[in-house]
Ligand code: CIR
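Next up is one chain by itself, shown in structure tokens, the form predicted alone.
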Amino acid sequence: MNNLRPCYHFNSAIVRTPSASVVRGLRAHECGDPDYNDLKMEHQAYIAALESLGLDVTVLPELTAFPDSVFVEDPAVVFSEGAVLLRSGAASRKGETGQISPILHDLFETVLELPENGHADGGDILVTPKSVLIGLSQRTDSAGATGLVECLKILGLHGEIVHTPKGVLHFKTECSLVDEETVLVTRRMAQTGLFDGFRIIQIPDGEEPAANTVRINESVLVSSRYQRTIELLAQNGYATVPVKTSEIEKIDAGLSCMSLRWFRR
């Protein structure tokens, strides 16, 4: 990827207000239902954090018919060069793509669509300076990943298909980019060899959900629940912005899930 700026340099974001139906969101592990009011407060704090880091945030209205629609990262992937509409491998989420399509057509000159024979979730897509990594998972299949690679070519970007470790919901559940050369990963992800060539910072055992951070300009958005990870990032020279995630984690979500981020030219 030939970027004139770091791939974590953003000035724009899209989020969606959580609806009351979010308490019925999908989950791989039962941790109890989230409290709706507390989750709304977490979401509002998340928006405030994005704005504090210099992003112009577009807030979309709630979608009661789609409990997981607060996780706006999954139905699309966005870049300065354009956007790609995706199609979730979760049946209950497929309609979210049509809901986000109009705003993407308003904000981007180029909006592409994933071919109809494949599925892909944004949570399986990690943008690095070298390539756009697309992790095969329960939500992203080979046809969807291959179709996305072709869409990326049209945007002038390079896609690379990789395998998400077994038992991991989304590729970015256990990894994130914290600078141009460094990734934050769980022990399980570190052992895959997928990040050979990167400097690796390994999450302390027991704090695996903390691997889903978001680097935005000069700071790293990180869950406030995981103090050892926050300390580890600080020791490595990163400025962190802790954000509460107690409720969203009950429905298998992390920080990257709740926004689409890009540099708007």
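In case it trips you up, residue 1 is the first one in the sequence shown, and so on. All values reported here derive from a predicted model rather than from experimental measurement.
Separately, the form predicted together with this ligand exists; it is not shown, and the next lines address it.
Undergrad: Which one, 153-161, 103-111, 71-79, 185-193, holds residues whose non-hydrogen atoms are within 4.5 Å of this ligand in the predicted complex?
TA: Correct option: 71-79.
Undergrad: So in the predicted complex, does residue 257 come within 4.5 Å of this ligand, heavy atom to heavy atom?
TA: Yes, residue 257 lies within 4.5 Å of this ligand in the predicted complex.
Undergrad: Answer for residue 169 alone: is it within 4.5 Å of this ligand in the predicted complex, judged on heavy atom distances?
TA: Yes.
Undergrad: Is residue 251 close to this ligand in the predicted complex, meaning a heavy atom pair under 4.5 Å apart or at it?
TA: Yes - in the predicted complex, heavy atoms of residue 251 and this ligand come within 4.5 Å of each other.
Undergrad: Looking at the partner-bound form in the predicted complex, is residue 26 within 4.5 Å of this ligand by any heavy atom?
TA: Output for residue 26 is yes: heavy atoms within 4.5 Å of this ligand.
Undergrad: Using a 4.5 Å cut-off on heavy atoms, which residues of 75-98 contact this ligand in the predicted complex?
TA: Sequence-ordered list has one entry, 93.
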